[in-house]
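One chain comes next, on its own, written out as structure tokens in the form predicted on its own.
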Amino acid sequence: MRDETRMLLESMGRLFEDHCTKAVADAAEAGTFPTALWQAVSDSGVPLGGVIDSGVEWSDLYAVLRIAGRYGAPVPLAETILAGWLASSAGFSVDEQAMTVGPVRAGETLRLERDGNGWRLFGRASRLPWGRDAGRIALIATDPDGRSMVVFGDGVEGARLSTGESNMAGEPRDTYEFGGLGLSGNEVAPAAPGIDQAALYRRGALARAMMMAGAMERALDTAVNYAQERKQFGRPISKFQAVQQNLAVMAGQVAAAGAAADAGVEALSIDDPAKQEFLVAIAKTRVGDAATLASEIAHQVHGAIGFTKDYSLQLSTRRLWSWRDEFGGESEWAAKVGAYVCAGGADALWPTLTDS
């Protein structure tokens, strides 16, 4: 690890530890955006790290997202990084305010039609993360010629916004309906070559995978500490073989998830979109599978106390259950893995496995 990366991660770890208290998480879930936390994160410069030509390595940004996931940071850090990347690819200037990006669900597409010197936007973007709290929104759409276009504006005023939705972790997930929304020419621009909805979806899936890897690490620490403190029959439950075995299995899943997520990030350097998607699909599928088992074991170790609102474990596991399904769940990405392997044919199966 580079010294610069180590210093960045240590600094962000201290920042999240100081600001991501349970009180802040509970207030955010009740609808109060954590302004002080976001200001601290914004001051670090990380939210603008995704801007084209920023000089920041994506591996460093994803490593920060892993720490954010570990602390359950209730802010749109991943979304702002992705929005900055998407908007700047089209030549837009971005600032440090909170942003979101979309569409974030498979099968949802936005289309643009020419309207004089401007455009009209049609389609639906559902469950956009932090939509109600975002100062700006970056959307990817297609024009009549099939080109990828970026729509960037201050909340996309004039769209029909459905608020009140949240994921299981209490994070805002809002839906925008575009029934011919009028946009000026200054709000729409072509995306850079190689940047399209599929590329956005891959990077979003990796963001969730890294955040889940961090949340699992926190859940493991919580379970181990509890097992060492909780006594039954005169000794800590960590001394019981069954508990030890479960914690060992959980630790293995956490390690596998972290390795899979890291491998997915490395895939971003591959120029072949199909191969890149294959490796991202492996990462998202493996991390999602690990999140399911790790959450089960963590709650088994804790017993009933793990589900209580006053205890911290649920801050990790509810995020795992939520993030597991965002930017595509395991079944969706597993199907992509299978499709890629089948397309290569029988002779390519072993080389594909050993090369991955």
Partner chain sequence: MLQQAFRFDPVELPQAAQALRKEVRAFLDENRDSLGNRRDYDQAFSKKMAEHGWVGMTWPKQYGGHERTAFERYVVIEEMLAAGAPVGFHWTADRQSGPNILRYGTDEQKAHFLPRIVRGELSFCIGMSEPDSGSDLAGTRTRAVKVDGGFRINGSKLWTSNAHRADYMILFCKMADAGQDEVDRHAGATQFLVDLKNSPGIEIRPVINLLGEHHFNQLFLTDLFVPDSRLFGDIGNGWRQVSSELAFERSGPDRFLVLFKLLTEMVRVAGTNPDRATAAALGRLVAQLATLRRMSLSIAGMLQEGLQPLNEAAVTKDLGTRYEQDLPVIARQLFPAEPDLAAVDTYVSMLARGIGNAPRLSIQGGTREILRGIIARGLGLR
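Positions refer to the first chain, counted from 1. Nothing here was measured: the structure is a model prediction, and the numbers come from that model.
Another form exists, predicted in complex with its partner chain; not displayed. Remarks below refer to it.
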- prompt: Heavy atom within 4.5 Å of its partner chain in the predicted complex: which of K239, R111, K231, K275?
  reply: K239
message: Only one of F178, W130, Y71, W85 gets a heavy atom within 4.5 Å of its partner chain in the predicted complex. Which one?
response: Y71
query: Is its partner chain in the predicted complex near all of E266, V337 and W350, within 4.5 Å of a heavy atom of each?
result: yes
- request: Given that the partner is absent here, state which listed stretch (190-198, 112-120, 276-284, 141-149) has heavy atoms within 4.5 Å of its partner chain in the predicted complex.
  value: 276-284
task: Indicate whether its partner chain has at least one heavy atom within 4.5 Å of a heavy atom of V94 in the predicted complex.
output: no
- request: Answer for A23 alone: is it within 4.5 Å of its partner chain in the predicted complex, judged on heavy atom distances?
  value: no
- prompt: With the partner left out of view, is E29 within 4.5 angstroms of its partner chain in the predicted complex by any non-hydrogen atom?
  reply: no
field: in the predicted complex, G252 touching its partner chain (heavy atom, 4.5 Å)
entry: yes
query: Taking its partner chain in the predicted complex, which residues of 228-248 have any heavy atom within 4.5 Å of it?
result: Q228, S238, K239, Q244, Q245, L247, A248
